[in-house]
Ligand code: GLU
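Below, in structure tokens: the form predicted on its own, a single chain.
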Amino acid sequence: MNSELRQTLEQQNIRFVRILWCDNANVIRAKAFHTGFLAEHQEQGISISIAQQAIPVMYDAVAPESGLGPVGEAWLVPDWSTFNALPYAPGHARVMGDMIRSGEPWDLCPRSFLKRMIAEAETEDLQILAAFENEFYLLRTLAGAIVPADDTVFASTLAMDLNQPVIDGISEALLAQRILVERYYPESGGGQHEFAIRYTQALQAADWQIALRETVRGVALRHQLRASFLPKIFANQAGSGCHLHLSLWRQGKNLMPGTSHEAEGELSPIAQSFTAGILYHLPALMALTTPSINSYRRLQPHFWSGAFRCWGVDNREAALRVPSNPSPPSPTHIELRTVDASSNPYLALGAVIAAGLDGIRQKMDLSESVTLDPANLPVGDRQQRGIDRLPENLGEAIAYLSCNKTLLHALGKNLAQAFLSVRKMEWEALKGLTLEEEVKLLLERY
């Protein structure tokens, strides 16, 4: 392996290998080693302070109630199956890291948490396929202000033409990393775009999400643009979500569609329970799937963002949409819309899996499908049908997660403590900011 890897690095003229992790503030970070010292780092990786999992988004300081501090090391060990040269950073390569302590996966490692949840699904003989569908803005600086790269509307062909060089650059860079680009189109906001990546195994889906965020930003920089996945940048323009698509499989068979003729076009019983579990735990899940204080500016009624706890076939106002197919099998998957790219994909996807598995194990019943915008229902009708307004700020989501035994157990005591300490520190520090102040701080964190 050492000689083969060294040969690959030499052939591709790689000078630095970046080992990446995504922390509890959901910021993507890396340490890099020079390839001249491959033998030293290939297996053991690079050390990082355990306090790195207690750093909030505002600055590099330790959340006081995290249980972490300046004493103690974890090792960021490269998973070489994720190795890719970086098309937008010649001479550099990327590999995803797993956090190891005392020779074992560290219980605060987000990537290891997702692996544990995948293993939990396997105990039910279930495999999870997933895909993250990202929206982001391309931005430029004008007279010292950040503005959209163009002023177009949804699916505008003019936006495609104006941005073709950078969009082609992003697509080609993703494909060079073996990340399958399925669809692309300009979104509703000026300068806003959407990339749909092909579904894959759950761990790879989260790895691809990290790689996509990095790639979009890196390619944009080479075109003298900034890219941001921040959920809400402009008060008068569309927010950016990151819809999570999920399907359940067993021995190569998709379990999502109903099997009987009468159930054609409906979810199977196991898919219904999985979906019910996600909806049941969604208020607490949002501390992980929409974890930024800025996330809640996007999650508003009538904005197609999933502000109400309900589901519906082809309903883009429901938090959970079941997309239909024009021909069987239908449906093939579910889409959780109450997600954005300020989330750590390993934590978000792992927690959603945990919630869905709880629905299966508890044999939860799925509520009635909602066939209209839930915000248009009278309050009494919503209450009667169990359609709740989801948390309206990060503080509410933190409160739900803090008392959700299922998700806390899945995360484990130490990861839950560190994650919640970071969320609480961010909430207390940032809850009084204006949108402009949030954007100034967070625009390039995400």
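Treat the numbers as computed from the prediction; the structure is a model and nothing was measured. One rule holds for the numbers: they count along the sequence shown, beginning at 1.
The following text describes the form predicted in complex with glutamic acid (GLU), which does not appear among the structures shown.
**Student:** If you check 194, 214, 150, 98 against glutamic acid (GLU) in the predicted complex, which one has a heavy atom within 4.5 Å?
**Tutor:** So the residue touching glutamic acid (GLU) in the predicted complex, by this definition, is 194.
**Student:** Using a 4.5 Å cut on heavy atoms, which of 241, 291, 186, 359 is close to glutamic acid (GLU) in the predicted complex?
**Tutor:** None of the other options qualify; the answer is 241.
**Student:** Although glutamic acid (GLU) is absent from this view, report whether residue 234 comes within 4.5 Å of it in the predicted complex, heavy atoms only.
**Tutor:** Heavy-atom contact with glutamic acid (GLU) at 4.5 Å: absent for residue 234.
**Student:** Please determine whether residue 266 contacts glutamic acid (GLU) in the predicted complex, using a 4.5 Å cut-off between heavy atoms.
**Tutor:** No - in the predicted complex, heavy atoms of residue 266 and glutamic acid (GLU) never come within 4.5 Å of each other.
**Student:** Any chance residue 305 has a heavy atom within 4.5 Å of glutamic acid (GLU) in the predicted complex?
**Tutor:** Yes - in the predicted complex, heavy atoms of residue 305 and glutamic acid (GLU) come within 4.5 Å of each other.
**Student:** Please tell me whether any heavy atom belonging to residue 140 falls inside 4.5 Å of a heavy atom of glutamic acid (GLU), as the geometry stands in the predicted complex.
**Tutor:** Looking in the predicted complex, residue contacts with glutamic acid (GLU) do not include residue 140, since no heavy atom lies within 4.5 Å.
**Student:** In the predicted complex, does each of 18, 41 and 79 have a heavy atom within 4.5 Å of glutamic acid (GLU)?
**Tutor:** No: no residue has a heavy atom within 4.5 Å of the partner.
**Student:** Counting only heavy atoms and a 4.5 Å cutoff, which of 297 to 305, 359 to 367, 170 to 178, 281 to 289 contacts glutamic acid (GLU) in the predicted complex?
**Tutor:** In short, 297 to 305.
**Student:** Though the partner is not shown here, which residues of 306 to 322 have a heavy atom within 4.5 Å of glutamic acid (GLU) in the predicted complex?
**Tutor:** Counting only heavy atoms within 4.5 Å of glutamic acid (GLU) in the predicted complex, the single contacting residue of 306 to 322 is 316.
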